[in-house]
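There is one chain below, alone, in structure tokens, taken in the form predicted alone.
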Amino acid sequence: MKVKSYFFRCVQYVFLVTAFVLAVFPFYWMVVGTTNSAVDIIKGKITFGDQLIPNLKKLFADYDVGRIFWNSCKVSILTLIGQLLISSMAAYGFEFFASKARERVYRAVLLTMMVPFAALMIPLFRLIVRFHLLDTHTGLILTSLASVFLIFFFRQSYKSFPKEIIQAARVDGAGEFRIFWSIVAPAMKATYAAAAIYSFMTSWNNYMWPLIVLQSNNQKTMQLFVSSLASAYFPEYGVVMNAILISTLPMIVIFFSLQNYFVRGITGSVKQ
């Protein structure tokens, strides 16, 4: 029995180590690629080189990376703030305001998650053209504020919130905005952190809709910039790898900064 137990444990460790290597290797290869030339990357070199500084100099000398990075930050942060406010308040209304039509409206809202984005592109495009928001970050942000998934996510978290506290606050004369901002929102820090990571990641990695809306180089985001670098006639892969690494860093920083809240938010905890 001991031999059998050791065998299964070894198999588990081998599987976990293999999965870890497969998951980490692409990121390792990207980091290594930032230090190598295009020729070395094409040859499949997986050791560090000495081209990091030349690649960075070429990237920042030939392209306005600072502006493009700021564009992505602005769009992602404003979208994040808007989505958290709208989704959390909408979920609060669905959960704590009882009415005959509440569940029917909520189910109708959830059904919109089944509509593919390809079916919405043309109506959204015509909408922003009509309001003269084409090739603007405002048009990109406004059309991304509604997130049905986040409404569902917040409402599921609100279900575990003690409704007696809400009722007691109403009896004491507190308004709904006061209850939301002073009682409910502070108790949902973990949920907000998990939603913030999801919202920022979705907005930062968004490619298709910005490709349609943003048509000038001054308005481009990092994802569009990386795509244009990689699709060049003679792509400088070392420069491309540096651009990819720069576009990856914000997500890494945000996730590791909020990972404790993220785990608690995913499990539905409302404890501070």
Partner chain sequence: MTEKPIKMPNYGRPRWTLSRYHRYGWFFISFAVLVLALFMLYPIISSLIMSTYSSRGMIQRFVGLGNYQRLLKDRVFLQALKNTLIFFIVQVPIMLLLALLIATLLNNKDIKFRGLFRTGIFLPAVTSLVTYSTLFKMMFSLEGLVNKFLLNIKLISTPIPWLVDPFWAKITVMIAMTWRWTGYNMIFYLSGLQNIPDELYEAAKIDGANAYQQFARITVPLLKPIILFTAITSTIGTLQLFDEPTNFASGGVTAATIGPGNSLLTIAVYIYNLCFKYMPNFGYAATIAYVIVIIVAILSFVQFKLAGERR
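Residue numbers count along the first chain shown, from 1. If you superpose the two forms and keep the largest set of C-alpha atoms that fall within 1.5 Å, you have the rigid core. All figures in this text were calculated on a predicted structure; none of them were measured in a lab.
Omitted here: the form predicted in complex with the partner chain. The next part is about that form.
When the partner chain is considered in the model of the complex, only one residue from F60, W70, W29, F48 comes within 4.5 Å through any heavy atom, namely W29. In summary, among the residues R170, K74, R107, K159, the only one with a non-hydrogen atom within 4.5 Å of the partner chain in the model of the complex is R170. For S37, no non-hydrogen atom is located within 4.5 Å of the partner chain in the model of the complex, even though that partner is not displayed. Contact annotation for M113: at least one heavy atom lies within 4.5 Å of the partner chain in the model of the complex. Remark: A187 does not count among the residues lining the partner chain in the model of the complex, judged by a heavy atom distance of 4.5 Å or less. Though the partner is left out of this view, Y192 does not reach within 4.5 Å of the partner chain in the model of the complex, counting heavy atoms only. Taking the partner chain as it sits in the model of the complex, the stretch 194 to 215 comes within 4.5 angstroms of it through a non-hydrogen atom at Y198, M201, N205, Y207, M208.
Comparing the forms between this form and the one not shown, the C-alpha position of S99 differs by 2 angstroms or more, with the core used for superposition. Annotation: Cα of V14 displaced by at least 2 Å between this form and the one not shown, core superposition.
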